[in-house]
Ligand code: MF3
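Take a look at this single chain in structure tokens; it is the form predicted alone.
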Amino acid sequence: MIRLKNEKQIDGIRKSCKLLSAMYRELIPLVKVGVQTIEIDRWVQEWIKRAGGKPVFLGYGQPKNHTPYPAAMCISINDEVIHGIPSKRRIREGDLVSLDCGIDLGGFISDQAISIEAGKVSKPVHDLNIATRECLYRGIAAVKAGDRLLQIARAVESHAKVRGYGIVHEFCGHGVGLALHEDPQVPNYPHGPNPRMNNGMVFAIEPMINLGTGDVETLEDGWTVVTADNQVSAHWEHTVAIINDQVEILTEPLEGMVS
């Protein structure tokens, strides 16, 4: 069931989203070569606590997973598509580092992801990252009250497919705001339910695009999703809302913070 949000609820979600983007702006300069990903996660947990929020991902669990997610942020590097668990692993020159995080601010949930290039990456990886970000904005441009949801998927798929990239099918965007994962699912290729988009809908659009195949596998930790061919993946995400027949990006653009 799709939960339409009222003006007061959307305002609460908006505040959570602005807080999340503010956190990213401070964090991004710290994500650099030599830093352990666990250090990044500790910083994130402390920042969110000081700001009066709660990390949504920490302790999150689903029946299919072995254990609840153990960190505040998903940090996925290179062939890790999503849900990478922070560890003592150090970021290396040329890595593509995808960060995904959500904040619970007084019961209102935000969600945003960004892929950062550590040092100088190869041209194919840089091009993939730029194209994935473009997929996100093409998807957002396809949001229109009264139209069907799968036009978002068509916009994302067409931009990635013409470039020969793999589109992840097993995972997708989703409704968000009062819980981390709500209806509807927002796929990156056209399939599944195709409801009309209406005022009051809040959802996360999040293309996950791979340099090679779109096929993925989940590691034994039950969380980390990797590309089946070990090629690099990029991930970008915004939380958006439909208000008075207009589309508002609730999380703030962070492109200028990325090399």
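None of the values given here were measured: they were computed from a predicted structure. Residue numbers run from 1 along the displayed sequence.
Although it is not shown, the form predicted in complex with this ligand is what the next lines describe.
Proximity of R138, E157 and Y189 to this ligand in the predicted bound form is absent: no residue of the three has a non-hydrogen atom within 4.5 angstroms.
Residue heavy atoms within 4.5 Å of this ligand in the predicted bound form occur in exactly one stretch of 86-94, 178-186, 118-126, 160-168, and that stretch is 178-186. None of the heavy atoms of D41 is located within 4.5 Å of this ligand in the predicted bound form. For Y69, a non-hydrogen atom is located within 4.5 Å of this ligand in the predicted bound form, even though that partner is not displayed.
Although the partner is absent from this view, H174 contacts this ligand in the predicted bound form, with a non-hydrogen atom inside 4.5 angstroms. This ligand in the predicted bound form is not approached by F203, whose heavy atoms all lie more than 4.5 angstroms from it. Contact residues in stretch 94-130 (any heavy atom within 4.5 Å of this ligand, taken in the predicted bound form) are D100, D111.
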